[in-house]
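In structure tokens, one chain follows: the form predicted alone.
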């Protein structure tokens, strides 16, 4: 069941025409109108208000459309991406600065060099191969390589 405050709110939101209300609320609104004298008086007041509002003349604004379309737009502030692209690739012929794209292209190289100097990523420069070479040289030195053996 709908209260009078809820009914008033529904009229304000959906208008006094019950056909414009959502279908589930139409039935509840019709039932409330049939049972409540206050709801009928409230509906009558809202109908009169809507009729008075419909009778108000709409003012004519001559030249308003031309005035709105003719005015200039405020300056647009470019986004961060647009500013970055303008800095990297300036499209003005008078401001041809080639150092900016070159600097941007070198950034991954510099980043790689710096990163490579700080971290080894599991690659070690020390190897155990030197120990094996020492063993080989020791074994070779113990052999007799005189001219007679060949």
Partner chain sequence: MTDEELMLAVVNGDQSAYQVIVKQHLKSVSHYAYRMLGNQKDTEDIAQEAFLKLWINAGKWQVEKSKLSTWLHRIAHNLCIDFLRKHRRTQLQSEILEGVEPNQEPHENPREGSEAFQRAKQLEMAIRGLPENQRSALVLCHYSGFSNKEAAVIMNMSIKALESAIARAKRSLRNELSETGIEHQ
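Positions refer to the first chain, counted from 1. None of these values were measured; they are calculated from a predicted model.
One more form of this protein, predicted together with its partner chain, exists but is not displayed; see below.
Asks: Would you mind picking the one in 84, 68, 115, 105 that has a heavy atom within 4.5 Å of its partner chain in the predicted bound form?
Replies: Selected residue: 68.
Asks: Could you work out which of 109, 49, 88, 34 is the residue within 4.5 angstroms of its partner chain in the predicted bound form, going by heavy atoms?
Replies: Selected option: 49.
Asks: I'd like to know if residue 119 sits close to its partner chain in the predicted bound form, meaning any non-hydrogen atom pair within 4.5 angstroms.
Replies: The answer is no: residue 119 has no heavy atom within 4.5 Å of its partner chain.
Asks: For residue 138, is any heavy atom within 4.5 Å of its partner chain in the predicted bound form, or not?
Replies: The answer is no: residue 138 has no heavy atom within 4.5 Å of its partner chain.
Asks: My question is simply whether residue 42 lines the interface with its partner chain in the predicted bound form - judged by any non-hydrogen atom within 4.5 Å.
Replies: Yes.
Asks: Does residue 80 reach its partner chain in the predicted bound form, with heavy atoms at most 4.5 Å apart?
Replies: Residue-level check for residue 80: no, no contact with its partner chain.
Asks: Where, within 44 to 66, is there a heavy atom within 4.5 Å of its partner chain in the predicted bound form? Residue list please.
Replies: Heavy-atom contacts to its partner chain in the predicted bound form: 45, 46, 48, 49, 50, 51, 52, 53, 54, 55, 56, 57, 58, 59, 60, 61, 64, 65.
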